[in-house]
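In the form predicted alone, a lone chain appears below as structure tokens.
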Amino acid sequence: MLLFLLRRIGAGVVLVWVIATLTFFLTSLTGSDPGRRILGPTADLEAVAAKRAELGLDRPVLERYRDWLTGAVHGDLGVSWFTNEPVGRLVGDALPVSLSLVLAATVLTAVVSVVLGVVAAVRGGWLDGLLQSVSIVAFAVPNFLVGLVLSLVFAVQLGVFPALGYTPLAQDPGRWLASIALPAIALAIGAIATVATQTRGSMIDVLGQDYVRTLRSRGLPTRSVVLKHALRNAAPTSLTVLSLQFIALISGAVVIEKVFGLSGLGERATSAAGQGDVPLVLGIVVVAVLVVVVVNIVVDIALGWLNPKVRIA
């Protein structure tokens, strides 16, 4: 198991390095002039050149990459070109918002999709057909449209949840949950459709296996057969799909954060990209990839526990 974990961690470190390196060089090839963007179109050439020198943009790109990578390894992601604030602080302020939203959506997706998938596989009939029809509709509807409808109904008209803003968990757990409830539901709708359909298919395959028929012939209750035996064997496939949906939820959170006025990584990323704030963009990319790597390692551990054969893959 230790070798299994070391392989996964090593692969994650390489992935972070590759994506960070590609992002650094791609942002260096945009052709825009950060000095001109910061000082404005009326600044003279000498001022722009001085600003470029201050930012280190007059140095060779490989030298700048070496310095940035050295700092990043030591936890220093640089300073924002536009606000002069440490990138680590800016990302750290936005990370809890995005993590709260994405993790809440992931938990909601896991619980609801497993329930729907298992019930559809066991009961079948019209319930199974209804799940597939609803899944197609839920997958096709954009999550920002779902968010707008939820905000209009439950925040504006009914006043049950706040329409905008985020309350930190440490400040007020109740208001924190209320502030992420609608965004998490809007973000999770499409993921629930995907994972529930996959869970249904996996459960149907497992329930048709010989050992399940043997367990039933021995008089085991249906609930025990389904929950203790079939669901555990169907879980690895669903868990893999859920981990892929987690990545999709991170990207989908960019739009949802805009809809509900949440100052998360998505909002910071779009603002930084629009301004050309390369250090902040790099910092957000590194942190986002690190989160994905950590989640994938946790999923791999869970898969190794559910299926020991995965450990030797």
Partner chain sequence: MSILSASGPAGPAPVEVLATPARAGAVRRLLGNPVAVGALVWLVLIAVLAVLAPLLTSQSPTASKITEALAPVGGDHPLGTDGVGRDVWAQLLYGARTSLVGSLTVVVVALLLGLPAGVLAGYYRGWFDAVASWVASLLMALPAIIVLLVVLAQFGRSTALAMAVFGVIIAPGVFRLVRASVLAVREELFVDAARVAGLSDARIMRRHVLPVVVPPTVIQVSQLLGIAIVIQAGLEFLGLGSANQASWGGMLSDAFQNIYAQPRLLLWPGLAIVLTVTAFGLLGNALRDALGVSGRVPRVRRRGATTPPAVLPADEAAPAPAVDPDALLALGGLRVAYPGPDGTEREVVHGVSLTVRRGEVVGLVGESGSGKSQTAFAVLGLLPPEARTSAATMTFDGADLRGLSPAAMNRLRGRRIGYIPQEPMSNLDPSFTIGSQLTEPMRHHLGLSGAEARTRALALLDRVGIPDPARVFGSYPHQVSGGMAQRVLIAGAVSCDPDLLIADEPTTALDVTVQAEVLDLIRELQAERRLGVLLVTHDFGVVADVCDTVVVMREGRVVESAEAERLFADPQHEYTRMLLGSTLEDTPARGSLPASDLHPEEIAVPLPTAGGNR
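Residue numbers count along the first chain shown, from 1. These numbers come from a predicted model, not from an experiment.
Quick note: we don't show the form predicted together with the partner chain, though the next part is all about it.
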Of 219-227, 100-108, 171-179, 69-77, the segment with heavy atoms within 4.5 Å of the partner chain in the predicted complex is residues 219-227
Of V87, L116, A191, A184, the only residue with a heavy atom within 4.5 Å of the partner chain in the predicted complex is A191
Review point. Honest question, do A53, T83 and V299 all end up within 4.5 Å of the partner chain in the predicted complex by heavy atom distance?
Key: no
Any non-hydrogen atom of L262 within 4.5 angstroms of the partner chain in the predicted complex: no
**Prompt:** Counting only non-hydrogen atoms and a 4.5 angstroms cut-off, does V289 reach the partner chain in the predicted complex?
**Reply:** yes
Exercise. Does the partner chain get within 4.5 angstroms of any non-hydrogen atom of R59 in the predicted complex?
Worked result: no
query = Using 4.5 Å between non-hydrogen atoms, is A140 touching the partner chain in the predicted complex?
reply = yes
Taking the partner chain in the predicted complex and a 4.5 Å non-hydrogen atom cutoff, the residues of 109-133 making contact are A120, A121, V122, R123, G124, G125, D128, G129
